[in-house]
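Here you get one chain, nothing else, as structure tokens; it is the form predicted alone.
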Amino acid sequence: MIGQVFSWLTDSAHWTDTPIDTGIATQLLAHIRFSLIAVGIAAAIALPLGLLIGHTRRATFLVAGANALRSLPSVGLLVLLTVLIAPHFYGRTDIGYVIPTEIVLVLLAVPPILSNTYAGVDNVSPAVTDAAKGMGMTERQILFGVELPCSLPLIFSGLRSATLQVIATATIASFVPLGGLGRFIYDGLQQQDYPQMISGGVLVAALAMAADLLLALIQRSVVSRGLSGRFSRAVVVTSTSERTEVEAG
């Protein structure tokens, strides 16, 4: 079976579009597009809200309410929203299927981003914020100049978690007449073409790992080394000629 999956993935015919089938490259771009839109919308909602809740310590019930969204059945909700929305766009465009799909993916991505953003800001040491206030910083300056940089590790953790969940769940776009890598999984299952079905899963997993690696690299370049603990060891010679090992950035 592994050999059949490898043959299916390396077959150039599966990577190009034909009048009958859409190739892997096109479906991959569609999958990335669905995921980017969902994560972008979720971040635009959850990041400011999480920062505000964490800074003011108010309306924390919204975080608990967002976490409850994790229990929603994705496919069931997609079917319900499609039945309600798609008829209004029938025969004109596929936007009637895109909107329900993106709503489901956004609802899935909001909880980890919101929870981690709130937790990141809320966990900033009070001594740090008190010192910032003592220096005369305004609440806005404290939020964006102190609390936000200190909470970046947790924020990126939530963003990476949301991205992985969205990429994995975006396969449901193929449950309605849309593309994406899930098309190979659903078509393979219906046709009992198991190499195609497994290959679709492999492609989704590979895309998720590539996205997580990219976000990890961005996080490494954005987050301060003092917060991430990335230090190199250096040897310093003191005035007494004693060799002292210290941590240097």
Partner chain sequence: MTSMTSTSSSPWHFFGYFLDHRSQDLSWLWTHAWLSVVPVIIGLLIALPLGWLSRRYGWLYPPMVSITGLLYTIPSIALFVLVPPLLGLSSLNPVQVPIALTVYSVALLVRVVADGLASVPDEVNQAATAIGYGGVRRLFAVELPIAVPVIAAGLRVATVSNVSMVAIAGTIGMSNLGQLFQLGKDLSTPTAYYPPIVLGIVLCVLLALVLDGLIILLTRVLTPWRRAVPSR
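No experiment lies behind these values; they were computed from the predicted model shown. Positions refer to the first chain, counted from 1.
Quick note: we don't show the form predicted together with the partner chain, though the next part is all about it.
- In the predicted complex, the partner chain stays beyond 4.5 Å of every heavy atom belonging to residue 58.
- The partner chain in the predicted complex comes within 4.5 Å of a heavy atom belonging to residue 204.
- At the 4.5 Å threshold, heavy atoms of residue 175 reach the partner chain in the predicted complex.
- Interface membership of residue 83, defined by any non-hydrogen atom within 4.5 Å of the partner chain in the predicted complex, is confirmed.
- Scanning 77, 154, 99, 107 against the partner chain in the predicted complex with a 4.5 Å heavy atom cut-off leaves one residue, 77.
- Residues 185, 186, 189, 194, 197, 198, 201, 202, 204, 205, 208, 209 of 179 to 209 are found to place at least one heavy atom within 4.5 Å of the partner chain in the predicted complex.
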